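Next up is one chain by itself, shown in structure tokens, the form predicted alone.
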């Protein structure tokens, strides 16, 4: 029987992932967990456990006693937040991964999903159509931890046959949760401010192009990768994944088609240097070939959905 634990379920990805997994496998098969004491309202349709991924013994005990056999490990500090607290970011992003990989090595878990990020790339990486295999010299603690995590995932697969699967997420866009401290947060925040104030001051420059993806595509990709036959998963570090790429100026122009009076201004801050070290577009041909990945949402669809659904009162 499949029993899935989502660690970090209260975050931007986690809440939607839990709901999608419950829809597919049933509420009884999916446990949501987060460091927060109380279950988020959106996740009340199934089991919830308060777990701190840094409490290794408690996490181990829970997974073993509850006979969990699949884990989606989402707990992490994202790029911009991690730069403000690098020691803790490294600790959180790495120690939790070892706890879960070791449980899989010992036979308690059949499969592990651990997300990586385009942050693994750096200023020396080819930025246009960034290939799966390329120079990786990340310049942020988040990127460094994700690159190290990729290497450890591959090592545990090769050395101990741990069935760990991973995606390098681009910037993710969703209306169901607020931004979580990432460099691509503008692509969510802009829709809230457009509807609430009719203007937005962007922390990136007008022509900063970055890879983006609608959350529904990212969730579907994660589940499709986890459900793919083991022999189809040929990359055990992390798969490149792409949806679309755009700049703040381009997305603002598309918003203007729906809200003609919307205005955007630009005040680049420390996140600009992070964005300038990341890819502008991604080559995800390996994911398309190995497990038939294909995105469903383009820029026009994303803008329409976000403007129709964001609640400006949340910000």
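Numbering follows the first chain given and starts at 1. Note that the structure is predicted; figures quoted are calculated from it, not measured.
What comes next is about the form predicted together with nicotinamide-adenine-dinucleotide (NAD), which does not appear here.
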property: Selected contact from 109, 78, 202, 221, since only one has a non-hydrogen atom within 4.5 angstroms of nicotinamide-adenine-dinucleotide (NAD) in the predicted complex; result: 78
property: The single option of 259, 64, 35, 42 touching nicotinamide-adenine-dinucleotide (NAD) in the predicted complex, heavy atom within 4.5 Å; result: 35
property: Partner-proximal stretch of 279 to 287, 260 to 268, 47 to 55, 22 to 30 relative to nicotinamide-adenine-dinucleotide (NAD) in the predicted complex, 4.5 angstroms, heavy atom; result: 47 to 55
property: nicotinamide-adenine-dinucleotide (NAD) contact in the predicted complex: residue 117, any heavy atom under 4.5 Å; result: yes
property: Interface membership of residue 303, nicotinamide-adenine-dinucleotide (NAD) in the predicted complex, 4.5 Å heavy atom rule; result: no
property: Close approach of residue 192 to nicotinamide-adenine-dinucleotide (NAD) in the predicted complex, 4.5 Å, heavy atom; result: no
property: Heavy atom of residue 72 within 4.5 Å of nicotinamide-adenine-dinucleotide (NAD) in the predicted complex; result: no
property: Stretch 161 to 176 - residues with a heavy atom within 4.5 Å of nicotinamide-adenine-dinucleotide (NAD) in the predicted complex; result: 169, 170, 171, 172
